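Okay, here we've got a single chain as structure tokens, the form predicted alone, with questions on binding and movement later.
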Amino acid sequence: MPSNSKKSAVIVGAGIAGLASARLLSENGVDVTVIEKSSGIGGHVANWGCMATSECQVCHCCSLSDIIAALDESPVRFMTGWQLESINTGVGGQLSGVIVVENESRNIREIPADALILSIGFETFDPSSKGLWGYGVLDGVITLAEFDDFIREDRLSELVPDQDAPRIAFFQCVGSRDKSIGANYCSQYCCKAGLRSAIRIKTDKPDWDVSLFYIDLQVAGKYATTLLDNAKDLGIHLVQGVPGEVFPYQGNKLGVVSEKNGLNVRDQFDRIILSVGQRPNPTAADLSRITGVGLDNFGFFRNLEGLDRFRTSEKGIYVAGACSGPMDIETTLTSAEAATADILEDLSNWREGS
């Protein structure tokens, strides 16, 4: 492959997709600048705890620290607290640079760029908008991300204080596969994340009773099947059908009604964990206006049709990660690799005026 040492790329978003792309581009001789609107890097994965038990559960969280360690030794430039303001194009509409603005000072800089990657990730669904689940009203109802804090901070025992054998329930597909909120799609990560979390609980606390309510489990792939088998072996209750309501029950319990053998069955739990879905990043609309990259019906960035999933309709502009559609960490890393491969191919073939 010809050298790309004189080529440059700007990456918008310093989540794991953007960082993985930055690492790969830099290793291939491209001059890379990463623009991040917030004050830190790592995105959602930076706040996600490892789900390993006595064995790795292949959650890929550790990939982030490996990528950051490599970037610490690289010439990649980071501009946190900055955001994209506009783009410059040259001959034939080819990208030539970007204008960025600092959030606080409003300072403006122009950065040369032969390629631009949009990797702004997603936001999680706010389940308080679905009042029947009691989030924000009933103390025992939390999200999967909030549960993950207990794992990351090594305080699982505090999840249900003063209970020797509490009952825990996971609700899947909260905020996805739901036409009523414009999210009639699968969020891709929830099933495996819910299974890993349930397995982590049951491994650390074998006396705890754990149930996982689902619409249908998306467990394609070799390791996903292993997760499902492990959950069954540990005695985790897999219940098809997500209850439509959570209500206060006796004492501090949480009541739910689910269907079993054609009958409505009332049950009670001490904690309910909502596996919330992925929603488009709210800044996608502004970046669409700035770059010309369209959005799909759900609000994610639109890529080219067919198998060309990481190039966009705009020359020199690419997408990576969950800003182009819901993904788990593993798929996000794969998308970053594929987007980088497209960029390197295009930079090698690109000529002035082509």
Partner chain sequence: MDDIIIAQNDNAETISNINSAISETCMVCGECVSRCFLNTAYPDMNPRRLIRKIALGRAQEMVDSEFIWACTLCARCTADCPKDLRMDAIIRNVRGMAWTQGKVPARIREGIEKGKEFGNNVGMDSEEFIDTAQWIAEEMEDDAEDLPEGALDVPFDREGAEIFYVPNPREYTSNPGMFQTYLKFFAYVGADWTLSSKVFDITNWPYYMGDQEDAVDLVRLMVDEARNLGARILLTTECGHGFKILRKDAENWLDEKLDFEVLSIIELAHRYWKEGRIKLSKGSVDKKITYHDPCNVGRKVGVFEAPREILREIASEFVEMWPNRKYSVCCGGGGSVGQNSDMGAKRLEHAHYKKDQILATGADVVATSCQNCLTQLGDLQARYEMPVEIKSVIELVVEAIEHDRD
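Positions refer to the first chain, counted from 1. Only a predicted model underlies this, so the values are computations on that prediction, with no experimental measurement involved.
Here the subject shifts to the form predicted together with the partner chain, a form of this protein not shown in this document.
Novice: Quick one: in the model of the complex, does every one of 7, 18 and 75 get a heavy atom within 4.5 Å of the partner chain?
Specialist: No: none of 7, 18 and 75 comes within 4.5 Å of the partner chain in the model of the complex.
Novice: For residue 282, is any heavy atom within 4.5 Å of the partner chain in the model of the complex, or not?
Specialist: No - in the model of the complex, heavy atoms of residue 282 and the partner chain never come within 4.5 Å of each other.
Novice: Check whether residue 262 has any heavy atom within 4.5 Å of a heavy atom of the partner chain in the model of the complex, and answer yes or no.
Specialist: Yes.
Novice: Is residue 101 near the partner chain? Define near as a heavy atom within 4.5 Å, in the model of the complex.
Specialist: No, residue 101 stays farther than 4.5 Å from the partner chain in the model of the complex.
Novice: So in the model of the complex, does any heavy atom of residue 231 sit within 4.5 Å of the partner chain?
Specialist: Looking in the model of the complex, residue contacts with the partner chain do not include residue 231, since no heavy atom lies within 4.5 Å.
Novice: Which one, 226, 211, 124, 258, lies within 4.5 Å of the partner chain in the model of the complex by heavy atoms?
Specialist: That would be 258.
Novice: If the cut-off is 4.5 angstroms on heavy atoms, which of these, 207, 245, 204, 154, is the one near the partner chain in the model of the complex?
Specialist: Looking at 207, 245, 204, 154 one by one, just 245 meets the 4.5 Å heavy-atom criterion.
Novice: Residues in which of 140-148, 263-271, 81-89, 111-119 have heavy atoms within 4.5 Å of the partner chain in the model of the complex?
Specialist: After filtering at 4.5 Å, what remains is 263-271.
Novice: Can you list, in sequence order, the residues from 102-117 that come within 4.5 Å of the partner chain in the model of the complex, counting heavy atoms only?
Specialist: Contacts from 102-117: none.
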